[in-house]
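Presented as structure tokens, the chain that follows is alone, the form predicted on its own.
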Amino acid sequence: MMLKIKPNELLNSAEICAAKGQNALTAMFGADERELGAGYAIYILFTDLVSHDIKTIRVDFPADSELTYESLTPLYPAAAWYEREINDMFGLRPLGHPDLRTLVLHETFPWGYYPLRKDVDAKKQIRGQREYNMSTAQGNGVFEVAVGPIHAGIIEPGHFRFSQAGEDILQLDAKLFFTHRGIEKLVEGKSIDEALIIVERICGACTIANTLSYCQALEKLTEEKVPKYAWLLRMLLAEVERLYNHVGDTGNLCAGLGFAPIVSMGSALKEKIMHCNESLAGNRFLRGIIIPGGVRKAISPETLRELQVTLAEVEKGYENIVELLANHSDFLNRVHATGIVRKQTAVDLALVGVAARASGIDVDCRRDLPYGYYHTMNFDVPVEHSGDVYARLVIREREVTQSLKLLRQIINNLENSATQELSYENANYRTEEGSWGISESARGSNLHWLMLDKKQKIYRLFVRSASYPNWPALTMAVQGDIIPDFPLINKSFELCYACVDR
């Protein structure tokens, strides 16, 4: 469903699509459609859990009009980052936005530079100067602590500015997008296959999630159907990716408080799965298998048997980790009631994945916006309600159980599959029509929206990873805690820099 409106109709239309808060704001992005005979556009997507679909609002801005609109952020706080990014990339200004600092474009970009407009040359070197003021608390006895953007280890850059009174954190402001790669600009004019190679590399931990969302968006633009065997294999890869992330993230969480034995155990189990990835795809990051229309190759019975052995080993090893954590009183004291995100905050920010489910929001796009053959599978969506580090840990532990359960069902279906049809061929995709694809990554729902031009080249690709809506929650979760707890709280979300630095 798409509702086409004028800018002055946006607030009322959003209220209708939000259905009094029942439908979460899923994404919001801009597009320059002047080459298609239109002007600029903003698309706002709401997930409708009743119809199991996404409702879309398209706001049209004639190119010669005043490029402003009433901000949604005061009513829907989840819109805050989206509107800042649209302003950065297209110059469509939200009036009444409470914090319209630049989000993506930092100090070295000139004012008036809007990189996703079609008449901007991405290869032209630009240099400018603008200010970026960190948001801090003020008052007697309040001081600031700056962390980053360069960190110990090999993680990407991100700057965190803490406002403190004594040991307690009063406020945290996060500045990200330091290594923004301009992927959405890079893929413009590229063929479907050329863009696929880039999409696979948006994030090393979300290869399948990104590829699956991209391919689903394309496949909605054709009448061809992906074969069942191909879908089962896609689901297998998706759950393997979710599994190795959840296992590794459990260990990483413990790194936030120096619990080294669990860090090592988690890393060792993750390595077992990554080694199995090599057998499945020929590489550790599961690249090169999923393609528009299906998959590139079948999986041999020997590889499936190897995977089953690995799953049994991982299950046993992970049970040991869970038992050790459950019986370690010092660890439990650190994770209980730390880094709390209350349910209303999670609703306001439209959180996804582990962060949402740990705060009492029962959401999972495999069930809510079903794709492939997940609707035929037996699995549960774990939900906790305390919203703290412990709840996010428990959700991951139960997610591991569910992924193992799903993988065994999928393997059984693959072994009993009557055919191994891999994909459809020579599809004709509809052009100048937008479509979306979504998948449930380890961090939550991953959404791609795209439009092809008349030559079936990429006209507009928008990517919204699970980390994007969840990052703002981190700044809320630390309030009232102390700085030594920040690494632990941060690791409990396990948010990705690369996913926003797209």
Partner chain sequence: MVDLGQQVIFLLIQLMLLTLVAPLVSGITKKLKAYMQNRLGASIFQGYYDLAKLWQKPTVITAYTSNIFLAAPFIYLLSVLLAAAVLPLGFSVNVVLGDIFVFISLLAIGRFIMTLSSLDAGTSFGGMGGSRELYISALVEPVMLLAVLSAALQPGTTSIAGMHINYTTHYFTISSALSCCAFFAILLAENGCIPVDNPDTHLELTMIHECMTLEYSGRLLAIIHLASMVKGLLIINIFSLLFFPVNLPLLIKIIITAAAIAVVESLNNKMRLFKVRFYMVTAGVLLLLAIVAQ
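Positions refer to the first chain, counted from 1. Remember, it's a predicted structure, so these values are computed and weren't measured experimentally.
Beyond the structure shown, there is the form predicted together with its partner chain, which is absent from this document and is the topic of what follows.
Tell me which stretch of 398 to 406, 375 to 383, 299 to 307, 329 to 337 has a heavy atom within 4.5 angstroms of its partner chain in the predicted bound form.
Contact-bearing stretch, as computed: 329 to 337.
Look at the candidate spot formed by V147, G258 and D485 and say whether its partner chain comes within 4.5 Å of a heavy atom in all three of them in the predicted bound form.
Yes: V147, G258 and D485 each sit within 4.5 Å of its partner chain in the predicted bound form.
Contact of T222 with its partner chain in the predicted bound form (heavy atom, 4.5 Å):
Answer no; every heavy atom of T222 is more than 4.5 Å from its partner chain in the predicted bound form.
Give a yes or no for F162: in the predicted bound form, does one of its heavy atoms lie within 4.5 Å of a heavy atom belonging to its partner chain?
Looking in the predicted bound form, residue contacts with its partner chain include F162, since a heavy atom lies within 4.5 Å.
Might G153 be said to contact its partner chain in the predicted bound form, defining contact as any heavy atom within 4.5 Å?
Result yes; G153 sits at the interface with its partner chain in the predicted bound form.
According to a 4.5 angstroms non-hydrogen atom cut-off, is E319 in contact with its partner chain in the predicted bound form?
Taking the distances in the predicted bound form, the answer for E319 is no, it never comes within 4.5 Å of its partner chain.
Tell me, which of N428, Q420, S264, T136 has a heavy atom within 4.5 angstroms of its partner chain in the predicted bound form?
Looking at N428, Q420, S264, T136 one by one, just S264 meets the 4.5 Å heavy-atom criterion.
Considering its partner chain in the predicted bound form, which of D99, E432, E323, E167 comes within 4.5 Å of it through any heavy atom?
Going through each option in turn, the one that passes is E167.
Heavy atom within 4.5 Å of its partner chain in the predicted bound form: which residues of 25 to 62 qualify?
Going through 25 to 62 in order - heavy atoms within 4.5 Å of its partner chain in the predicted bound form - there are no hits.
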